[in-house]
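Take a look at this single chain in structure tokens; it is the form predicted alone.
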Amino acid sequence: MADFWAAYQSTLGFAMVNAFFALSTYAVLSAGMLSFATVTFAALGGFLGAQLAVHLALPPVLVMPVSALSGALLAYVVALLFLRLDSHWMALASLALVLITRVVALNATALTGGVNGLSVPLSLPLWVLAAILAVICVVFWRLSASWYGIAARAVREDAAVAATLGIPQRRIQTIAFIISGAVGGLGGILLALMLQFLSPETYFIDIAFTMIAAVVLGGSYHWAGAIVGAVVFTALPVLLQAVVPDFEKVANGICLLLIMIFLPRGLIDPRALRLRRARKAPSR
């Protein structure tokens, strides 16, 4: 057991960090928007938090709220600009934002260290990371049952119908962006604490694509699906590398393809769960 823990504790840590990025992606997707801007929120939170840790010697308990707040503020500005666009143009604009973020990270050497990167002299125990993730899960659980959660689902399913019901689409989607920014910024500094090193390559487009795929795989209709998808996408390549090292990528693709074919709504599907409960319920 000790050997197993030593071999896979880093995988568990990165799975939990990726869960923050997946939840950030889910937050906007749950309101009917496809956005890659999580990477930008994470980059701001990560580099800003790292600078505070390096130059002001602030502990993680103070750095993390600042990173989350900075991501939320940036997300609000992004929402003001992006919500003027149609859905497909918004996705393209967010993709362009990620590319701009990388260029800025490469050239803003005072903040990011440029090509040399930035050392982060802090670390975070896994139990603290798990506790933070648990708190975020409680927040998403409460949000899903709140007025906001119900309104976000209505906007996602049919924005026109939601508007006729008096649901303010723009306000709901702005809140979704702010939640995404806060969780993404927090994930950015948590990744920095895990790696203890940051560079412009740390936050790039592969995170965005992977997390969107993780949300779809885990189930984009429930917040828990984002966590499950992030864990699968993080752990599956590592496990397959140990089992079939020569065909790890092929086996990884086959497993994901089978899941998508037989579970098109993801591993966690609230609708399927309701249907199963309805079939098991006694008829009256």
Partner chain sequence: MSLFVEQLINGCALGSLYALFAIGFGLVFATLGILNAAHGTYASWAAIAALAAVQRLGLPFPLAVLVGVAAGGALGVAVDQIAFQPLRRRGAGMLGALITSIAAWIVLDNLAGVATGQDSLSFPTDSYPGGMLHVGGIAFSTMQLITIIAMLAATLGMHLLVRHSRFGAAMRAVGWKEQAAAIVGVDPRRVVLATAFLAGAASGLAGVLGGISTANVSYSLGEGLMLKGFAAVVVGGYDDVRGAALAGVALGILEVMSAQYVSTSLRDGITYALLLGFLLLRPRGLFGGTSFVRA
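Residue numbers count along the first chain shown, from 1. Small disclaimer: the values here were computed from a predicted structure and weren't measured.
Below: the form predicted together with the partner chain, not depicted.
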Which of Leu124, Leu111, Ile178, Leu95 has a heavy atom within 4.5 Å of the partner chain in the predicted complex?
Leu95
Triple contact flag Phe209, Ser220 and Met260 to the partner chain in the predicted complex, non-hydrogen atom at 4.5 angstroms
yes
Counting only non-hydrogen atoms, the one stretch of 224 to 232, 211 to 219, 37 to 45, 51 to 59 within 4.5 angstroms of the partner chain in the predicted complex is 211 to 219
Mark Leu99 yes when one of its heavy atoms lies within 4.5 Å of a heavy atom of the partner chain in the predicted complex, and no otherwise.
yes
Contact with the partner chain in the predicted complex for Val28, defined as at least one heavy atom pair within 4.5 Å: yes or no?
no
Answer for Trp89 alone: is it within 4.5 Å of the partner chain in the predicted complex, judged on heavy atom distances?
yes
Classify Pro65 as contacting or not contacting the partner chain in the predicted complex by the rule of any non-hydrogen atom within 4.5 angstroms, answering yes or no.
no
